[in-house]
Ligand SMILES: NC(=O)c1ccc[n+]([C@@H]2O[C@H](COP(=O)([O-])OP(=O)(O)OC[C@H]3O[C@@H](n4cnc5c(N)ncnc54)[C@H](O)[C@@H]3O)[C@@H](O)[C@H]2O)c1
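Just one chain follows, in the form predicted on its own, and it is written as structure tokens.
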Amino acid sequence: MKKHKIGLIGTGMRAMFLVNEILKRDDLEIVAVSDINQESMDMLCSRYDKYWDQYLDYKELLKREDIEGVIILSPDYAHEEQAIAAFDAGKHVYLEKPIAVTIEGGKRVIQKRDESGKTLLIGFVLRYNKLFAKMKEIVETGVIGELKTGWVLHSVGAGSDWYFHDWHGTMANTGGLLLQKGSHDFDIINWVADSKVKRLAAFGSRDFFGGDKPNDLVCQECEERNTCTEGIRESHIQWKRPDGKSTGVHYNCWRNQCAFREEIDVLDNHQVLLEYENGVKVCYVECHYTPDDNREYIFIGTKGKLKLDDAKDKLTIEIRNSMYDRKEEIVYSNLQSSEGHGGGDKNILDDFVYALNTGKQPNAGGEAGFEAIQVGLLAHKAIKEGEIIRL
């Protein structure tokens, strides 16, 4: 088995947990990491007792001839530039979603991939989660008949924690939360519908987050910290390393800006209606101030209905044999593993290794990444302009 030498660009929270999966493998070897923050690189290396080469400038990492591929885990606004630079350097790329924060940026990434002859994997881990993969399989088998409609409710109870206490809070950095958060779901909807979006309509607002607090205010220095519903509390996460030892981080070390600061301009409530070229129609709802954390998918075909409940790790199929025979039910449960993203982190790394071994494009490739941001960006445009958008 060949061991592929790789580099990581971006050493924040996502890297902290993905590295735990990489270190379990015999076919991937991290040899270098890069981040503009020296403290972040030091923290990652120390948590795993590793002494990987460190670069404050990612372009220096890309100069290394021994590195075959890179995993880009940096903030969204850096994805386009870094992916293009990696292709110019002759590297295979695993790029966290979104592929870019503009439509033209996404096109440039794919064009550069094609010119380089290298592979591009987008970090759509839900495709590699057994629960979501089973949903796709069921729809393809025709159990619920011909797919016609559906809706998705994405409840982001931890929205404050993940999206309003740091750089995610501005449109310039993310292109909007329908890219940063919603692109996972748009990719799954596109994948299951097996078609391209023909037109869309959308509504959205910022109902709760943002406000008049100073942009440099952090929770630890706020007088309202103990009474604020979104105030960050000091907490420490621990997990087992592949070698059996325990490690951990302060959960809020990267995210402690005020969730009601002036610069926040991303929306926290979205509703998007999609119509596909094959006639499938799907409604997507994403709310960041609901109490629960869950994804609920419903797809309806000419013979039945499928419901995915992510929090319960459960798929339920109801069959409509006739008007008077609607009680047949099939249930799948406990499909997700205890590993990261329900096994998605492990399985997506399998696909990265497949791309490194064969030079063939992976399942969640550049086109999927582009189509997801296209939906998200055009939905934000529809919200702003109040118009139905035709693709």
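Numbering starts at 1 and runs along the sequence shown. Worth saying up front: this structure is predicted, and the values here are computed from it rather than measured.
Same protein, other form: the form predicted together with the named molecule, not shown, and the subject of what follows.
Checklist entry - Counting only heavy atoms and a 4.5 Å cutoff, which of 108 to 116, 180 to 188, 267 to 275, 127 to 135 contacts the named molecule in the model of the complex? => result Checking each option against the 4.5 Å cut-off leaves 180 to 188.
Next on the checklist: To verify the annotation, which of these, 165, 97, 154, 92, has a non-hydrogen atom within 4.5 Å of the named molecule in the model of the complex?
Outcome noted: Going through each option in turn, the one that passes is 97.
Item to check | in the model of the complex, the one of 333, 46, 37, 358 near the named molecule [non-hydrogen atom within 4.5 angstroms] | outcome: Checked against the cut-off, the match is 37.
Item to check | Contact flag, residue 382 vs the named molecule in the model of the complex, heavy atom cut 4.5 Å | outcome: Outside the cut-off, so no.
Next on the checklist: Test of understanding: in the model of the complex, would residue 144 fall inside 4.5 Å of the named molecule by heavy atoms?
Outcome noted: Judged by the heavy-atom cut-off of 4.5 Å, residue 144 is well away from the named molecule in the model of the complex.
Checklist entry - Quick one: does residue 82 come within 4.5 Å of the named molecule in the model of the complex, counting heavy atoms only? => result Contact with the named molecule, yes.
Checklist entry - Might residue 219 be said to contact the named molecule in the model of the complex, defining contact as any heavy atom within 4.5 Å? => result Taking the distances in the model of the complex, the answer for residue 219 is no, it never comes within 4.5 Å of the named molecule.
Checklist entry - Does anything in 62 to 82 come within 4.5 Å of the named molecule in the model of the complex by heavy atoms, and if so which residues, in order? => result Residues within 4.5 Å: 73, 74, 75, 76, 77, 78, 79, 82.
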